[in-house]
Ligand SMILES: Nc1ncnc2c1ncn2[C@@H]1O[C@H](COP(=O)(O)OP(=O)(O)OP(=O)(O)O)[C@@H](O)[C@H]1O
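Only one chain is included here, represented as structure tokens and corresponding to the form predicted alone.
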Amino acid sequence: MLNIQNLSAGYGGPLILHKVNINVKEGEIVTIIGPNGAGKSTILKSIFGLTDIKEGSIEYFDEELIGVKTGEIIKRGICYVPQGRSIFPSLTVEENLQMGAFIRSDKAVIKKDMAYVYEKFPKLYERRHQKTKTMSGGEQQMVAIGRALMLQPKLLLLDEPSIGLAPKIVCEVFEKCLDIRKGGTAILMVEQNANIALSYSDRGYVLELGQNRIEGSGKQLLKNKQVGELYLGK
């Protein structure tokens, strides 16, 4: 589905990523972990066309994404939920979701997708007329993810989905990720909470100083002594 090979990228200055390799198969949840400054978020931004790429390839269903504009990347079925949720605080839940379907015009399909989002996030239906600035951090994160789902993505990019959330809400967000995967959307996420992220992931990558360090299944990385000492607090 997604195959990143030898990716070197940055933001116009020194390179952040150095020949990074990542792949995601259909129906997978894949997590990238590592210390601050490792380049984790830069990978997601590179996929979404938001960095200066010097070398490598990003193939999505065997088609090269490098050089493709972000608007076209969205149309191809990739959506990105940035760190910090980035919702429209003065708009209601439903208005935020409608904004997620901004490139579409089929009202009947949009209505169907709205129902799909409300099925995945019943709390959002209950509060669909509430302004999002009055909601909790966990509810706002659900709005941000739900808004991305309005574009029927095949691949969802999540940047630190648990940041700033209470432990109980973190578990709820990750349970929703499993539910989204059941609906046919693969997920590539960056997450500081490595323990819980890997426990919900099919596979994971450990990044350090912009380079691949370790990779394996979520279970393998949770049991890996080196990963445990460096990133899991063991």
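Here the structure is a predicted model, which means the values were calculated and not measured. Numbering starts at 1 and runs along the sequence shown.
Although it is not shown, the form predicted together with the ligand is what the next lines describe.
Contact annotation for the candidate site: Pro35, Lys45 and Glu160 all lie close to the ligand in the model of the complex (heavy atom within 4.5 Å). Checked against the ligand in the model of the complex, the residues Thr92, Gln152, Gln83, Gln98 give one hit for a heavy atom within 4.5 Å, which is Gln83. This chain is displayed alone, yet in the model of the complex one of Thr70, Ser57, Asn193, Ser41 has a heavy atom within 4.5 Å of the ligand; that residue is Ser41. In the model of the complex, the ligand sits within 4.5 Å of a heavy atom of Ile16.
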